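Below sits a lone chain in structure tokens, taken as the form predicted alone.
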Amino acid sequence: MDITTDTPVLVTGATGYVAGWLVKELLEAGLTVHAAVRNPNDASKLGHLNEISRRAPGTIRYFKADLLNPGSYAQAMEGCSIVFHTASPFTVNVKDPQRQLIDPAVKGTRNVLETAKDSDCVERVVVTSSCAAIYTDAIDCHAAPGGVLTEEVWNETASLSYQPYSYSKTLAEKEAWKIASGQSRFKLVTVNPSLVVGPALSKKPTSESFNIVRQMGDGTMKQGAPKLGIGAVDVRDLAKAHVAAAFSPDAEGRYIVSAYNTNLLEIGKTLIEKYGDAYPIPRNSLPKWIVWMVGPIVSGISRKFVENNVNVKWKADNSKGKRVLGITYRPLQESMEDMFEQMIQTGMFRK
């Protein structure tokens, strides 16, 4: 696949977990990357990107932009043929889901895509959506054709009051397709990952994924982990999927990017071989009735969530991405060990 281009490419939310690896792929391919960030003068947030740029043949340029500020991406988008829109909050513990999740996800997507529509250079937009725009709970797989999630399925069960993060990703992707269908300037492709794992390039990653994995090593799950049905994908493989979505001539529509149909316990158990003697890695299944009883108190998760996800198998079909984009996936154990080792080295938790 040829990923050379004479024009710059834009990455929104360039300091993010997924975006960092995407920027690395682009710079190493020799491209000029327009990195849209909140504060181009915050050296603490840009250090890892600058380090990559120093070693790569490509060039990075920073631009100030804000998801909620209409038109703020116009300067960063000048001359760009491809736009990667990765910027969107990923957090589950919020007090005001409308302000913290829905507004930045939906208004941000509208802001970026409306700017692309008005440009005279953008040919393709790749939006980082999520499997959360396809389902809310693992039990939703049962309603999918053949019990397996595909790109044809949309999330119809999330709401502002239940799983607002999933709701935000659903509304944002629908907004993207609405804008794309009303214009002929650019082609839209969406990438829909499951739970993203693997090491971060930033020393202080903020993704919710690290909060989940931290509990596997800090003793929170030492009595066991629930068999919470979920999918998982390595952040590095996800970055490559974004590049393929942008440069593959046949890329179109949505792509589920998920390496494994798994659950929280099985994800944790991949760490036992290397770290089980030194850290309280979960080895056993936490009974559903216990999670149902204490989950709302200890973790703040609802009993509805427990009922719909614990001991419920999650299944998604990733064949379209493999076939069209040529996506390959590394072993889950490799992803988790690399992630856990980084968390140890950066002091994210103590023994």
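Keep in mind that what you see is a predicted model, and the values were worked out from it rather than measured. Numbers follow the displayed sequence, beginning with 1.
The following text describes the form predicted in complex with a small molecule, which does not appear among the structures shown.
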| query | finding |
| --- | --- |
| Partner contact for N263 in the predicted bound form: the small molecule, 4.5 angstroms, heavy atom | no |
| is_contact(A87, the small molecule) in the predicted bound form, heavy atom dist at most 4.5 Å | yes |
| The small molecule contact at Y329 in the predicted bound form, heavy atom, 4.5 Å | no |
| 4.5 Å heavy atom contact, Y73 and the small molecule in the predicted bound form | yes |
| 4.5 Å heavy atom contact with the small molecule in the predicted bound form for all of D66, S129 and S207 | yes |
| Options 22-30, 309-317, 278-286, 37-45; stretch whose heavy atom lies within 4.5 Å of the small molecule in the predicted bound form | 37-45 |
| In the predicted bound form, the one of A116, V196, A245, A239 near the small molecule [non-hydrogen atom within 4.5 angstroms] | V196 |
